[in-house]
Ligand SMILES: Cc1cc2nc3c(=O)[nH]c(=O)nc-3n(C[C@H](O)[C@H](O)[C@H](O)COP(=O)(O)OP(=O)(O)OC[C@H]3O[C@@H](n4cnc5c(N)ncnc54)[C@H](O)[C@@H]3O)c2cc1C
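The chain below stands alone, shown as structure tokens; this is the form predicted on its own.
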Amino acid sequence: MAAPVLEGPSTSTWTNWVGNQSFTPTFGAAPLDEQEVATLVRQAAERGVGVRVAGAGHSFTPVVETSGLLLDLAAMRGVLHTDPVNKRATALPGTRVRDFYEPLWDAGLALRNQGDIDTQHIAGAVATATHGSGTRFTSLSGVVRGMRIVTATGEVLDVGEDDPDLLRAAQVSVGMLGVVTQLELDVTDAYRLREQVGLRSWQDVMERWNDLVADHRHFGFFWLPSEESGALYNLQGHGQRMTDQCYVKVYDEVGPDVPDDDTEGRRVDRCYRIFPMVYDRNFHELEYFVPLEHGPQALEAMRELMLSSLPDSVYPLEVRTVGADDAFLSPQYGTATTVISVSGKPGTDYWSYLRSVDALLSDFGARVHWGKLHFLTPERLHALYPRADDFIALRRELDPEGVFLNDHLRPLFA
């Protein structure tokens, strides 16, 4: 097979899933395997152009944007190996989260946790610390136990538990260490979940915060500022008043003797059938993480800000929790977090509001989701992420010319 060759200029405009990021790279390529990735990266580096990977386009930030080479790894897809004894699974980078379901279940396994969107490429989800909910569980990044990366010279680097600092840097790298061509994940035995949803008052949720976090495998909620809020995310009030209510979701494991269920407000099924939700592409999102213990205070302040600054807003405030891990750029580095997400309508100028959210949550030591809108500065990066210097040192060692940086990342990590 002939080696791939960079050809350009590209005439294809890349746009993310909600349409708030769009650009036309100079070169575009869709490699079929690791060898082709290595060849393309080497050619790009020799020409002095940058390289980024498209993923499934679920980031709201310009993490993908490049004036150089954009790689599409969708063809490098599939679960390669499952290990029920050691509870591991190996997959290619373009494998979507939902592609893990059946291969793992057939082996008696499942992902330990996941978010409610399951169409992301696993490499992109890992690179941005995409997460589910529950303080007993890390993000998807936290379960990575090894990966293969094509570095800026076109060489292939194996990253594993024998080099813990490099692994911790690679677990949340936002694509800055190289192109991931394979990942090994820590998984768990297959399990089923009971989901219970219902409306509760803000006061009830805040008063019972500690119990709700501790007593359930997963707990999260949407605070609904208006009657129209639920419809935006397909949440059903079933005739109940929704204004200033919390649409609460709790999940718990159930044994094999509990039958499947799909009644109003309650479902029982395989875990991977319970987690996903269907969202319309009608929102842009900012998501910050504050230490778990500061959650209720930060949420009270957020509710007051939303009521005073955006009294006519209908977008819900989404709240979850995530367990601590040790990845250098993880929002959960060294601490469990309360996750606070705010959204706005595409085409609406709500930047002043988002900056107010940023200022408010900064007082609580908030870290950012790398794939969501944020206002992180170099000064805050180093103040909030204790191992930022270690990450940057490794990034410079692996990519001294900044092949995998772009205009969005360079100010923070060059």
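Just so it is clear, the model here is predicted, and its values are computed rather than measured. Start at 1 and count along the sequence shown; that's the residue number.
FYI, the form predicted in complex with the named molecule isn't displayed, but the following is about it.
K.L.:
Just give me the single entry in Ala38, Ala54, Ala388, Leu373 that has a non-hydrogen atom within 4.5 angstroms of the named molecule in the model of the complex.
P.N.:
Of the listed residues, the single hit is Ala54.
K.L.:
Could you work out which of Leu381, Leu361, Val63, Leu354 is the residue within 4.5 angstroms of the named molecule in the model of the complex, going by heavy atoms?
P.N.:
That would be Val63.
K.L.:
Does Gly115 reach the named molecule in the model of the complex, with heavy atoms at most 4.5 Å apart?
P.N.:
Judged by the heavy-atom cut-off of 4.5 Å, Gly115 is in contact with the named molecule in the model of the complex.
K.L.:
Given that the partner is absent here, does Trp209 sit within 4.5 Å of the named molecule in the model of the complex, heavy atoms only?
P.N.:
Taking the distances in the model of the complex, the answer for Trp209 is no, it never comes within 4.5 Å of the named molecule.
K.L.:
Should Phe328 be counted as a contact of the named molecule in the model of the complex, where contact means heavy atoms within 4.5 Å?
P.N.:
Flag for Phe328 set to no.
K.L.:
Please run the contact check for Tyr191 against the named molecule in the model of the complex: heavy atoms, 4.5 angstroms, yes or no?
P.N.:
So Tyr191 does not count as contacting the named molecule.
K.L.:
Determine which one of 173-181, 263-271, 159-167, 192-200 lies within 4.5 Å of the named molecule in the model of the complex, judging by heavy atom distances; exactly one does.
P.N.:
The contacting stretch here is 173-181.
K.L.:
Within 4.5 Å of the named molecule in the model of the complex - does that hold for a heavy atom of every one of Arg136, His294 and Thr338?
P.N.:
No: no residue has a heavy atom within 4.5 Å of the partner.
K.L.:
Going by the named molecule in the model of the complex, which residues of 124-151 come within 4.5 Å of it through any heavy atom?
P.N.:
Residues within 4.5 Å: Gly124, Ala125, Ala127, Thr128, Ala129, Thr130, His131.
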